[in-house]
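Just the one chain here, the form predicted alone, laid out as structure tokens.
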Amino acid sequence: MARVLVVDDEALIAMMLSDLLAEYGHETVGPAHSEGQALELVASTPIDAAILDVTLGDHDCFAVAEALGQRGIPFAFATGHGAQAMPDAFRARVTVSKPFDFEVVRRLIDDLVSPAA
């Protein structure tokens, strides 16, 4: 079982991801609905992987991505805007499109929490 941080400002999407994680045998950390909440969890909670919504209200998740990267924690972005909208520093990161395809999310989680990730 992996501990996966879910960061999404939309409560229903965060709940859906949490349910999927539980179905796949993993534990949800959070969910965090803001950059501040996510950064607190990254600093204080053991995390094996993360799924980050790019847009968090009027903010983005890139400070959270940087914090995860500094700790060597694998993560992926979730966005409805497409990978082409990502800043250059994160364009090579895995990005899953919204609305979610559940099979794609399952494979993404497997990839993130596998030892090779």
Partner chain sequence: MTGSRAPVDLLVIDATADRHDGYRGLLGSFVRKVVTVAPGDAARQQLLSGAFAAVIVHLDDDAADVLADIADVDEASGPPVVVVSAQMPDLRAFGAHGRVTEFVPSAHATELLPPKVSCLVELAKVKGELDEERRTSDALRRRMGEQIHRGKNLLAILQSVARRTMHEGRAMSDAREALMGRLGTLARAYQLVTASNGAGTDIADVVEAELAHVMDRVTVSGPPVRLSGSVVQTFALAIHELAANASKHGALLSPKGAVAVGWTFFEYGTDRYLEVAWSERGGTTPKAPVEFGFGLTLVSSFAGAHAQTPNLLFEGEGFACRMRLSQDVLVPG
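What you see is a predicted model, and the numbers here were worked out from it, not measured in a lab. Residue numbers count along the first chain shown, from 1.
Beyond the structure shown, there is the form predicted in complex with its partner chain, which is absent from this document and is the topic of what follows.
*Asks:* For L20, is any heavy atom within 4.5 Å of its partner chain in the predicted complex, or not?
*Replies:* Output for L20 is yes: heavy atoms within 4.5 Å of its partner chain.
*Asks:* How about R106 - does it come within 4.5 Å of its partner chain in the predicted complex, if we only consider non-hydrogen atoms?
*Replies:* No - in the predicted complex, heavy atoms of R106 and its partner chain never come within 4.5 Å of each other.
*Asks:* Taking heavy atoms only, is I13 within 4.5 angstroms of its partner chain in the predicted complex?
*Replies:* Result yes; I13 sits at the interface with its partner chain in the predicted complex.
*Asks:* Using the partner position in the predicted complex, report whether D88 sits within 4.5 Å of its partner chain, counting heavy atoms only.
*Replies:* Flag for D88 set to no.
*Asks:* Exactly one stretch in 60-68, 73-81, 44-52, 88-96 has heavy atoms within 4.5 Å of its partner chain in the predicted complex; which is it?
*Replies:* Residues of 73-81 come within 4.5 Å of the partner.
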